[in-house]
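Only one chain comes next, encoded as structure tokens, the form predicted on its own.
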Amino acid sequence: MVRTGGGLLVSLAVIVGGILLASLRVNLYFYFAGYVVLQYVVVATAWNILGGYAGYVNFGTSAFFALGAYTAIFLIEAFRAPLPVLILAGGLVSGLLGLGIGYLTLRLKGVFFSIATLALSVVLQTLIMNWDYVGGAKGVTVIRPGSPLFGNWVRLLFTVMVGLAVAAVTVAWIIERSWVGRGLRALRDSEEAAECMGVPTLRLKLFATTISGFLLGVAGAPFPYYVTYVEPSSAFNLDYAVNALAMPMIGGTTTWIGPVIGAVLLGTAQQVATVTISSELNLLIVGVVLVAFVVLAPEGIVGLVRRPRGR
């Protein structure tokens, strides 16, 4: 109880800090860049619940992210729904997709599961490109409502993403320290052995796919208000799939802090490269850093820190 209370206090302090940062009058680009980094914290954490804890590598990250974004677009076009409703709806729809994928791929393991999630992304993108109500292949322009908090939508979205990042990390932290986390680790090490020991592998897999999908949808829901123009190629961008996999592996997949470290370091490096060199180098940076860590530190930064301590 003490640890849980301390964790909640830290989460609350981070959210308050985000609100205070949003009230400052600094260059708006810092809020744009901060939003992207925090968005990757949510995406990497969501991926790690399924890919790190459970060992089911998901190559369809962009599908869940884009579904959250297009759910928000639909609700904006149809009902002019407020941002909290968009976030909740985006998470629920993507979570249901995760649950469905869990059921459809019950017998798939390893590379076969990864290929199935990649196919999901291709199929979903094709469907979106042929749905004219949300813009289809040509895309759609989203008009932001007037009079946002902090007087600016960029600051508001930054603050919202601070809260979403804290919530995602808190969920991962709670899962890691619960019997669910222990069951997911057993599932990752050996699914057959876990079943023999009485671990409810089916329920845990469905739980992981649902929670991971929900968080990815939550990350994607504010995206239309962030870019204001959404097209399938931007919502289904390869960057989300690559970064979602690379950031936890660089930080460390065995603990909640690993994806956070990887997202902050790699996301910041990409933002710096975007304004100093070229945004085209982002995937190159990810690839080079990922290869280096796979070869030199397969357990990520967390593993490097723990190694001298013999943990």
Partner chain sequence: MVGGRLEVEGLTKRFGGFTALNGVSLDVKSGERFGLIGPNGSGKTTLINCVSGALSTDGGRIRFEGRDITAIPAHQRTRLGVVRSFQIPKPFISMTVLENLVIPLEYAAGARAERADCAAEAMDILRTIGLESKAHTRPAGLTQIEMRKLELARAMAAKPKLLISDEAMAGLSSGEVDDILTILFRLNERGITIIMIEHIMRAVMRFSERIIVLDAGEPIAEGTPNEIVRNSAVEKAYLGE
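Residue numbers count along the first chain shown, from 1. Predicted model, so just to flag it, every value in this text is computed and none were measured.
What comes next is about the form predicted together with its partner chain, which does not appear here.
K.L.:
Which residue, Pro222, Gly91, Gly102, Gly183, is the contact with its partner chain in the predicted bound form, using a 4.5 Å heavy atom cutoff?
P.N.:
Of the listed residues, the single hit is Gly183.
K.L.:
Ile211, Val134, Ala241, Leu204: which sits within 4.5 Å of its partner chain in the predicted bound form by any heavy atom?
P.N.:
When its partner chain is considered in the predicted bound form, the option within 4.5 Å is Leu204.
K.L.:
Taking heavy atoms and a 4.5 Å cut-off, does Val154 contact its partner chain in the predicted bound form?
P.N.:
Val154 lies outside the contact set for its partner chain.
K.L.:
Though only this chain appears here, would Trp179 touch its partner chain in the predicted bound form if you measure heavy atom gaps against 4.5 Å?
P.N.:
Taking the distances in the predicted bound form, the answer for Trp179 is yes, it comes within 4.5 Å of its partner chain.
K.L.:
Answer yes if any heavy atom of Gly163 is within 4.5 Å of a heavy atom of its partner chain in the predicted bound form; otherwise answer no.
P.N.:
Looking in the predicted bound form, residue contacts with its partner chain do not include Gly163, since no heavy atom lies within 4.5 Å.
K.L.:
Residue-level question: is Pro200 within 4.5 Å of its partner chain in the predicted bound form, judged on heavy atoms?
P.N.:
Yes.
K.L.:
Partner absent here, but in the predicted bound form, which of 184-192, 211-219, 78-86, 93-101 has residues with a heavy atom within 4.5 Å of its partner chain?
P.N.:
In short, 184-192.
K.L.:
Let me know which residues along 72-108 have a heavy atom within 4.5 Å of its partner chain in the predicted bound form, or say none if there are none.
P.N.:
Stretch hits: zero.
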